[in-house]
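Shown next as structure tokens: one chain only, the form predicted alone.
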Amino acid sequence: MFNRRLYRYLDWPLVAAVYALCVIGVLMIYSTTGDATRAATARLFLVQIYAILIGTAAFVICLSVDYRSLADRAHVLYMLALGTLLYVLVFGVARGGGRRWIVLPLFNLQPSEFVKLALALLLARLFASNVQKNPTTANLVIGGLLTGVPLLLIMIQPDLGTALTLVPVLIGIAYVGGMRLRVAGVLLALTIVAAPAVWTYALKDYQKARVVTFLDPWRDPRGKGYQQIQAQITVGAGGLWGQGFRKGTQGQLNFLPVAHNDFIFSVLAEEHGFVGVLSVLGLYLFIVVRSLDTARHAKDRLGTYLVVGVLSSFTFQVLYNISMSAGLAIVKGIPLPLMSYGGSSMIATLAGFGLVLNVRMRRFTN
């Protein structure tokens, strides 16, 4: 169990950066939903605070148990994650065209958010068990299957955005594990070749519409292109210093739909301008650099791969969400980690950084 002497190795600057983003996120959610006239969303920021408290408990648990012990039980956690995905498909709450949640007292739990952690543990253990310098074909095939099964189950919900966040976990671990660039080139070529078939047979009509809307949002400015156009207007309205806390016209007057969720970054840009955006990006960059340093100085390959797996998915979500807010990526349901409204995302992200700090604390232990 947890050794109190390990506290002296805890990376407090990383902890501070993570929770600073949580606080900024709560303030932004309050700004967009705290108005008493919007009764349907008026207390969402309180729910977000509850999620942070629960996430802190998950953070402490993931910090306290030796990551090598967790990796030994990774297959159990992975099977449990698959079980919850199957449960959701049969008994989950259906809403907005998807079946993704389990009803809980404070919020609805989205099991797919936790699959990333189980997958990172299992893939880290798989690639760390390889005694060769580079991953074998068997490693890559098994890793692909382990990633593909939950990805397929999440796509059936359907939730393509969350499903995509699993891919960076595999790519990140395989790359650090020594995957040759020519293998990556072959995978990229296969993706390009398969693209027409995916477009024709795999994508649903609304998903194709999102791609078309991304390429030309002004094709339907009051319909499918409305959210993307409003997000870009909101980002541009902030200027250098922003319009002030709770004074942004786009966010406060509800021109931007569900601003507290996937477009929280747009609200930040409008209210706090370029300076606020730069400050938040600085915190995200600090977290990434600090975590990479943890991966570099980990005691063993298992620790390195685990940190890279968690960090790859986190970084992908940050980059995609910000690109989406700026109109540089297709609008998908990918929240901004630590800031967007969402209990499951918050708990899973804090648990993930519990694992990262777990590796850093134990770099000097046997």
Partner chain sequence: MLTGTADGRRRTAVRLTVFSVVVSVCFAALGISFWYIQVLHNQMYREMAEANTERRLPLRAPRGILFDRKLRVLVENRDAYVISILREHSGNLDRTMRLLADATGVPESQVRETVARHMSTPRYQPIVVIEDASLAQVSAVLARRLDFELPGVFVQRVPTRRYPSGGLGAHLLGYVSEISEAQMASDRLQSGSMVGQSGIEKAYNKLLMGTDGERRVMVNNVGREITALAELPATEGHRIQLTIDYDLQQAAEDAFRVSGYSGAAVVLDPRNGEILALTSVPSYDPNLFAAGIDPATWKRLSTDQLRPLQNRAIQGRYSPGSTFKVVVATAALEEGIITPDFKVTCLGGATFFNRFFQCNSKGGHGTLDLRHAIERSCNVYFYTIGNMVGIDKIHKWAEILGLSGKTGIDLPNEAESLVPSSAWKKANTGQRWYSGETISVAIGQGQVSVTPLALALTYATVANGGARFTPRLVRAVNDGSGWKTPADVNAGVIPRLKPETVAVLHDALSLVVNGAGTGGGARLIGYEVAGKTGTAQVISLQGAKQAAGRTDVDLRDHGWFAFFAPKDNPEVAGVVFAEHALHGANAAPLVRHIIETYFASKEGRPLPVLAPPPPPAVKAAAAPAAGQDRPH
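Quantities reported herein were computed from a predicted structural model and do not represent experimental measurements. Numbering follows the first chain given and starts at 1.
Below, we turn to the form predicted in complex with its partner chain, even though it does not appear here.
274 is the sole member of 199, 206, 274, 87 with a non-hydrogen atom within 4.5 Å of its partner chain in the predicted bound form. Scanning 83, 144, 185, 178 against its partner chain in the predicted bound form with a 4.5 Å heavy atom cut-off leaves one residue, 178. Residue 112 falls outside the set of residues with a heavy atom inside 4.5 Å of its partner chain in the predicted bound form. Though the partner is left out of this view, residue 192 does not reach within 4.5 Å of its partner chain in the predicted bound form, counting heavy atoms only. Under a 4.5 angstroms non-hydrogen atom cutoff, its partner chain in the predicted bound form lacks residue 334 among its neighbouring residues. Proximity of residue 33 to its partner chain in the predicted bound form: non-hydrogen atoms within 4.5 Å are absent; the residue sits far from the partner. Partner contact region in the predicted bound form: 311-319, out of 57-65, 24-32, 311-319, 44-52, criterion any non-hydrogen atom within 4.5 Å of its partner chain.
Taking its partner chain as it sits in the predicted bound form, the stretch 292-314 comes within 4.5 angstroms of it through a non-hydrogen atom at 292, 295, 296, 297, 298, 299, 300, 301, 304, 308, 312.
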